[in-house]
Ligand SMILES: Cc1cc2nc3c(=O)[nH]c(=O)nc-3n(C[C@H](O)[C@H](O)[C@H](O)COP(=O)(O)OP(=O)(O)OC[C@H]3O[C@@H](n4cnc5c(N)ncnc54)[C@H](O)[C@@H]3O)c2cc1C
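Consider the single chain below, provided in structure tokens and representing the form predicted alone.
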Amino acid sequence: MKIQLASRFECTGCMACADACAHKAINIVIADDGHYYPRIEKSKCIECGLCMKSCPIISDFSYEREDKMSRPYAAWAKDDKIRSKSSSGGAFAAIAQQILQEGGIVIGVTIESSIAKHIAIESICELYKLQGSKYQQSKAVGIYQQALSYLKTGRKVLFSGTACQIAGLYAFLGKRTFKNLVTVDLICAGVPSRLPIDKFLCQKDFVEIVSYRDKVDGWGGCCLTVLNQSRKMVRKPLNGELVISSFSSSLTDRYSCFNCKFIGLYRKADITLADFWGDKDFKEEHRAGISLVIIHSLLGKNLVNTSDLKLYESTWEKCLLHNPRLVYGKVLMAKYRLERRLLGYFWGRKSLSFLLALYCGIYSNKLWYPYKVFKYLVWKYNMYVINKKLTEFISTLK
């Protein structure tokens, strides 16, 4: 069997293929564009094909749920401490706490030395490690095997990640089903490259990213917090836009993120979480943060109902207009733009002022004005297409 994994344009970086290989023939490497990709070590490969079966792209894995019972809710944790440490309303932490109280395992993403990775926790005192937004792709090698080991023991497992990572988990498990598995995916804005993070950390005074979003300035405030050489926390550090603004631009995302295959209202995950952007019903709760919780299964419904959450039923119309990535996973023309095609070259050779202008919209002189106009026109066109598609989509729900 000829082994052929997903192409660079389609690979999501879920890393399920690496866990599926019993001979450790697949290594995960960071390419010149700052993204993770699998690389086959041919001397170890026995061409069994398990890596291809575990790939949610190659195996044509369907992420759509057939029963279409999904329903959206506005929610937030009743515990103010949990809510304050979370990026939005603390729904994930409240759900995770319930699993841990039942003696289960929670799998999610933490940051260690500015690198995001999936880990498993077993106690509430470790929950803080999984809270907060991480604007980078996590290293997930080994976590699928670890989840399978826990599932086989009969312990309840809550597995959280992006939709492509949850698809990777299900593809990895194949025909094996477990009633003790609960999955939580996210409405993902795209996976950014590591290049802006590494470039930012090369500055002399900063050693580690602590948080991408705290709520000191209220819910919705994107504020990078770093640790400096003196081991002191610094909020809104100089040139922090390299990380936050380049993420917001989508110009460093994986190619697969420009046409995500794991979108939709009705997902195989048991629960989908996001910020409830655009909420108008609970304005008094905005500073503390509100979560969007979409329940897809009876298993997810039972877990959410037993968690320490305030839960209010909402409508698709209310949550879709400000969370278009739930159902529309395209970023028009982005993969053809030179900013993405020459990502490695620009971040490796160009000046800081050039990168701030090209990727962050921070211009040092008037020579950048034509490019500024171009970016604005592209943004307007993207918004026009997205709003048109969403309006058409919402009309089909009525």
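Everything numeric in this text was worked out from a predicted model, so none of it was measured. Residue numbers run from 1 along the displayed sequence.
As for the form predicted in complex with this ligand, it is not shown, yet the points below apply to it.
The three marked residues, Ile105, Asn180 and Ser297, fail to reach this ligand in the predicted complex, with no heavy atom of any inside 4.5 Å. Though this ligand is absent from this view, in the predicted complex it lies within 4.5 Å of a heavy atom of just one residue from Arg194, Arg325, Arg267, Lys156, which is Arg325. Checked against this ligand in the predicted complex, the candidates Leu273, Leu224, Ile121, Ile99 yield a single residue with a heavy atom inside 4.5 Å, and that residue is Leu273. Although the partner is absent here, Ser291 lies within 4.5 Å of this ligand in the predicted complex, judged by heavy atoms.
Taking the partner from the other structure, this ligand in the predicted complex has no heavy atom within 4.5 Å of any heavy atom of Leu242. Of the heavy atoms in Phe262, none are within 4.5 Å of this ligand in the predicted complex.
Put simply, Gly90 is close to this ligand in the predicted complex: some heavy atom of it is within 4.5 Å. Per the 4.5 Å heavy atom criterion, this ligand in the predicted complex is contacted by stretch 131-139, the sole one of 298-306, 131-139, 224-232, 172-180. Along 246-263, a non-hydrogen atom within 4.5 Å of this ligand in the predicted complex is carried only by Phe247.
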